[in-house]
Every structure is written in C-alpha cells, then in structure tokens.
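Shown below, as structure tokens, is a lone chain in the form predicted alone; questions about how it binds or moves come after it.
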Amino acid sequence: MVEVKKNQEYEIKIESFGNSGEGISHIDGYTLFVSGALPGEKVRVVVTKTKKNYGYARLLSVITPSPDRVEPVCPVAKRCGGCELQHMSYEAQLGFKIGRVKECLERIGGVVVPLLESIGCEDEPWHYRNKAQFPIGKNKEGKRVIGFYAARSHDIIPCDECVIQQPIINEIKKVVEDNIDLTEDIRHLYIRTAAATGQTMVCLVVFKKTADVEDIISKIKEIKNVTSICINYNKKETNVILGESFEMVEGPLYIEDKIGDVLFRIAPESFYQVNSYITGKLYDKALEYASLGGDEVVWDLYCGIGTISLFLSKKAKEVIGVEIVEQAIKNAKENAKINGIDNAEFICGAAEDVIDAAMENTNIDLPDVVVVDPPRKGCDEKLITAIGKASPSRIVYVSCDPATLARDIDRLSEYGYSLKRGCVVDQFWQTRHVETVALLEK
C-alpha cells in the first residue's frame, strides 16, 4: 500500500462527492477529500492533512475538467467559508443535493426511497439571502476589516460584494466598511431584510454599553429602506453572535415580511427562512403533504414565530404550535393577531412535555397531523417517543439536514411510520446545505 504523506503532490481521478460537496478520490485504498474538485475530473493536489485511513488535499490544478465546472462569480469564493459550490453549474448543484438526500435516506434511514421531487431556482441563483452576519475584526496587518470567516478558521475574508446576499445588505455593509475606522467597538454587523416589503433592520453588535457608534449610525440612517436600527450588547467571548440586551435607536424592534398572504413580524433573534423566494414554495409543499380537509387538528412542533403554523391554519380546523423559546411564542401570538387568525394556539415548552401533558388532559386535542421543523440536530429522542404515542395519521417533517432526517425516519419506523413522499427544496443556492420535506404515514 502506498503511504500518502503530508505536503506530497499527486495526480488523482475524482470518483464521487463527499457530504460537503468536496471531491473524493482513493490512492491505493487511502481516501482523499479535495474541496473544489468534481467527480470525473483528473486533478493535481497537495496533501494538507493525514489521518490513519483518510486525508485532505488542496486542489492545485484541474487537468481534465468536468463539464459541470464553471468559474466562480465571487473572487474570494475559494477562501470564504460560505459558498462551497460556486465552481459547479446550478444543475449539478441541485443534482448533488438530491443525491445526498437519497443516499442518507437509504444508508442511514434504511428505507426504499420513493421518487424524490425537487424545487430549485428558476432564475439566476444569486442575491437571495435576507440575513447576514458580518464579523468585524483585524487582519494580520492590524487593519480593521469586515467580511466572512474563512472555512474552519476565524480569519476574516473581506469581499466587495457577497453575491448571495440581497443588494441592500451589500449596500449597508459597504457603508459600514467605508466608515469602519470611526469606532473599534463593533464586533458584528447583523442585517435582516424583507423581500415583500423592503423593510430592513440593522443591528450593531458591540462589546460594551458605552460603545462609540453614533457617527456610524448617522451614516446608516442615510440608507433608503433601513426602517430599524438597534444596538445589541454581547461581551461574551463565544461563537454566539447576539447577546440578550437590545437598545433601539430608530424604528421598531422588528421588520415585516409576507409569505403568500400571511404577514410576519420578524425580531432580530427570530428564526426565519433565509431564502424569501423559495420559502413560500417550501410551505406550499408542507401544506400539500399535510393533506388537510378542514377537520384536522395539526400540531406544529418547533414552530418558532408561527410561520408554518399560520400557513397551515388556512386549511385546518385547529393548529397548535409548540416552541421552547418564550420570545418566539410571543411573536407567534402577535403574528396570529395581526393576520386575524383565531384557530391557531401557541404553547411554550419542550414539545415532548407538551404532548405528554396533552395525552393526560382531555381539554387539549391530540394531533391528526404533526409537522416538525427541528434544528440541524433533528428531533430529540424523547420527542420521537411522544409523537409515536400520540399516533397522528400523518407526519410532515421539514428538515435542514438529510442525515438527521434519515435517522429520525428510522426511529419513527418503530411506531409504524414509513416514508411516502419526499421533496428536495434548494433554499441555499451555491452552498452544500439543503432542505427536505418528507411525508410519513402509518
């Protein structure tokens, strides 16, 4: 067996994709992962890290390119940790994501996968993100910079324009960047914008309450469509961007956006899908899979600010949203009120505890249909057990990680549920991330 060594160069053939969209090759049985390489390509690489049975290599040159290879639009795409797939045609990106979901369902979930539907970009796959979090710090020369963290590091990569952010986000970033030397107190620039209304919130995350930010705020106020400006205090040295304390400078502590005909108020810390152009299609698919006739009680678990709950309420007898974050439940109730929706109730608590309590309380209707939209780590095992005991006829699972989706489908199979339909929804153009909607029935 050939010993693969660090710093050694090799010419290799890329055989397949890894989970993050990197190319995979083998040298005499030893696995190499190569970011930026595509299946079918012959490439030259240098090994950067070795483990016992696998290693990582940096792409030096492409000897025989794949027909799916394109030139990245962003000049810092290779250094920035955001867009892993810019070197790939959009059709190939969508194919990679469909394949990844299918592979996870079969390998981890142990299921026979039905024909997967897909929803992708119908136009140019750029300028879609409605939220940005720009770190601000110093480069190796001591100059203050704003940009994104490089992959697997805290080195900030400046960029003139982030091609996946909505234009107003880049405009605000440019103003802050041009005036970045006015203060050293800002640690993050946090921006949210609403595609339907144009309303935009700017949040300056600072180290201390005595931060000197008045001059830079005066520059931000001049930008059209900035409807809210706030300051967030976070002195903790962690990866968590927002602290608990906000101070309003101008406007309300929310912006408003629409999905279909439902209006939502979005606070800085609210969970809200980042692709405003696809989210409506995602929720339409969840509504289709729920197959509501008007007499069903629907439980929406991990409901956040009530986005899916209020969407489903149009076709359900009653929707009960459950979320452990108290502020999110408060926002969900406000969103129901401003839309005049009276058949949606929201409960604060751990979903598994709320279900268990409902099974002992005849005043709370048990679900005919359960919708879950958990974080990347998937559903807690206790929640899987609680759902199994509640025994809804259908489960609509909205997932942002195909591996945990597959794991949870396997767990739910113990309660008689099987996968009937699945749809890959590409919300995260140019990146490896993918959303999936799955329908499970008894």
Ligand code: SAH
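Since the structure is predicted, the reported quantities are computational estimates derived from the model, not experimental observations. Numbering starts at 1 and follows the sequence shown.
What follows is about the form predicted in complex with this ligand, which we do not show.
Listed stretches are 199-207, 128-136, 174-182, 319-327; the contact stretch with this ligand in the model of the complex is 319-327, by a heavy atom cutoff of 4.5 Å. At the 4.5 Å threshold, heavy atoms of Glu41 stay clear of this ligand in the model of the complex, well away from it. For Thr193, no non-hydrogen atom is located within 4.5 Å of this ligand in the model of the complex, even though that partner is not displayed.
In the model of the complex, this ligand lies within 4.5 Å of some heavy atom of Thr307. Pro375 belongs to the set of residues with a heavy atom inside 4.5 Å of this ligand in the model of the complex.
Across the proposed site, Phe271, Tyr283 and Glu352 without exception bring a heavy atom within 4.5 Å of this ligand in the model of the complex.
Proximity to this ligand in the model of the complex, defined as a heavy atom within 4.5 Å, holds among Cys303, Val370, Val101, Ile255 only for Cys303.
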